[in-house]
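For reference, the chain that follows is the form predicted alone, supplied as structure tokens.
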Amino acid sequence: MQFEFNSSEPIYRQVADQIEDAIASGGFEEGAQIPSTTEISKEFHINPATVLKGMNIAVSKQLIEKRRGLGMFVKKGARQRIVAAKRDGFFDEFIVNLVREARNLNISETELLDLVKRGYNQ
């Protein structure tokens, strides 16, 4: 985990994003225990309440769960939920704008698909 303390993005949001990224990349496997609030706060010199706020975001997204007396664990299906959300975001952020710009440039659907295929072959 790495945190940008000078970033405009709040630290608790960075904590949530780091947990999500670690799950998505396989750094935290389904069913595996993740570092505790105390471990993260001590290692990175972050207020434990800030770390907990970030962890609670991951809990609300159904990515991790607290097991009383044991700690936080990655929930089954967490990686699939992250990938699905990222795919939706990819469509909303990139594909919609790509198609809009292609239309503005009078690029046909066929031409656009050819350009995408060319991009894959680079």
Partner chain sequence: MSVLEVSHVSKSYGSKSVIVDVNLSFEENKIYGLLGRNGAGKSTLLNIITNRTFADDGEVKIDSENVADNDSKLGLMYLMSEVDLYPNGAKLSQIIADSELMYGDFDHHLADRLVDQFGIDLSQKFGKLSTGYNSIFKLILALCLPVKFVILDEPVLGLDANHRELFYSELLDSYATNPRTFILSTHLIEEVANIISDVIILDQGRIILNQPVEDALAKTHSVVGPRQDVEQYTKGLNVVGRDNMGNIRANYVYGDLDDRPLPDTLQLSNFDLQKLFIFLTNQYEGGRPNEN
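Nothing here was measured: the structure is a model prediction, and the numbers come from that model. Numbering follows the first chain given and starts at 1.
The protein also exists as the form predicted together with the partner chain; that form is not presented, and the subsequent description refers to it.
Partner proximity in the predicted complex, defined as non-hydrogen atoms within 4.5 angstroms of the partner chain, places exactly one of 23-31, 61-69, 82-90, 38-46 at the interface: 38-46.
In the predicted complex, the partner chain sits within 4.5 Å of a heavy atom of Ser8.
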